[in-house]
Each structure stands twice: as structure tokens, then as C-alpha cells.
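In C-alpha cells, one chain follows: the form predicted alone.
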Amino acid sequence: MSLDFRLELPMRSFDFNIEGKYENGITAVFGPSGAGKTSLLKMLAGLVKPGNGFIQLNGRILTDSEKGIFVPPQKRAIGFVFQEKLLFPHMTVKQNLTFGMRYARKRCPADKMISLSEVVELLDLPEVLDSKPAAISGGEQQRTALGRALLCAPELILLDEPFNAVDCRLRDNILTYLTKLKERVDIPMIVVSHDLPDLQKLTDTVQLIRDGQSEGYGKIEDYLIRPGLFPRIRA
């Protein structure tokens, strides 16, 4: 994967202005609440249109404000796992998983797509396929949302605060499944969080954000040794 972006957006408390270039693997986006992390993901996914911006994924231009290009979300080949999971309550887990496959088939050959059976096995969901979201645990809902994103044949997966408001056991489960994905599925991910220890278990590459501005990009350990940086980011 090669993801290049330059994004600007007027916001209520600050002007969002950030750029980056991400490669394969998992990239962490780290910063305090309200820093603009979710806004970054929404602009990459096409859910929010930047005031000025440029996004290119694997050589495809998704946003170019100067040329008037703005590819809609469903055509970006980007899977988004929201904090709220946003599963369809009237559908079973299986129906939620397969919802986006019809769109994926229009742009991706069948032999390039991950199969339903592989996702179900990878995310340990066989026992709940016929259940509705309200009848399954929070961890199973999280894995269903992740599986739905995988089955959309994404070139990139965005995860917004996957560790937010979960207990230690569920947090460990989420980390386990994300690690499995990293090892078995060659799809780059961007994971947003303000929990640095969890991010360190997944990746060593981090984009630091505060008030809509980049505070740095590189190896986590390189920033840990810079006096005062992480306390300032967390503030």
C-alpha cells in the first residue's frame, strides 16, 4: 500500500491541517480526545469532504480538491470499523458480514477476495452466524464489524478507537484478533487510539496528532525518548 494525503478542514476549535505518507502494515494514529483522529479517518474514507485536500491510495486519486475529484466512500475500497460498530440490528451476523460483498464483487475478482468461511474462522464467529447483534457480546459485535470490513475487499482498513470503553478482557481479545489479521491477511490498517500501550502491541509506527496538526511520524520508540512529547500529546 502507498497512501499519500494532504488535508485541510476548518473545525470549531482549530483548523485541521495534516499530511502523511503511509506504507504497508499497521500505522497507529495517536493523540488526545478531540485531536482530530476520527476526522482524519473520515476524510480518508470519503465520509467527510476536506476544505482542501489530496488523497492517493495505491496510485488511485480519491480526493483532489484542485481538480474537483472526490470518489464516494463505496468506491474507495476502504473498510471502516467505527467506534459504535454500526451493525444492522435487523440482520443476522451472517447478513451483516456479507452486506458489502455485492459491491466488492463489482470491482474485485472473486479470487482476490477473502472468503466468508475464512473470515468466520479467523474471527471465531461460527457459533453466532444466525444471531442478531443484540444477542451477542460486545467482543463478537466488534469482530463482526471487522469481518464486514474485510469482506468488502478493502485495500485499506481504518479502525476508530477499537479499544475505547471496553474492559481488559475484551481489550485483550481485540488485540488478539488484530494481531491475527496482521499475520494472516495482507491488508494495511490504520488504527486510531489514545491508548499508547495497546498500540505498541500492534505496531511500532505512529502518527502523532494534536489539535489537527501533526506532531511527528515514525517509530514509537523514537518519540518515547523525546522529553515531554507524549505527556504533551496526552494533555
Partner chain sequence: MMSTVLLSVKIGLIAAAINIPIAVAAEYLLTRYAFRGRTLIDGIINLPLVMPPVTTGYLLLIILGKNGIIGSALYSTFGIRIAFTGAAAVIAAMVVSFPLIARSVKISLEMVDRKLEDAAMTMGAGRMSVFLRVTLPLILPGLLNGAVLGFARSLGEFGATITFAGNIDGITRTIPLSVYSFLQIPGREAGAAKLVAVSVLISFGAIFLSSTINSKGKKHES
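Residue numbers count along the first chain shown, from 1. Keep in mind the model is a prediction, meaning the values are calculated, not measured.
Beyond what is shown, the protein has a form predicted in complex with the partner chain; the following relates to that form.
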item	value
Candidate from Met113, Leu129, Met91, Val71 lying within 4.5 Å of the partner chain in the predicted bound form - any heavy atom	Met91
Distance check, Glu84 to the partner chain in the predicted bound form, heavy atom within 4.5 Å	yes
Heavy atom of Cys152 within 4.5 Å of the partner chain in the predicted bound form	yes
The partner chain contact at Gly100 in the predicted bound form, heavy atom, 4.5 Å	yes
Interface membership of Leu47, the partner chain in the predicted bound form, 4.5 Å heavy atom rule	yes
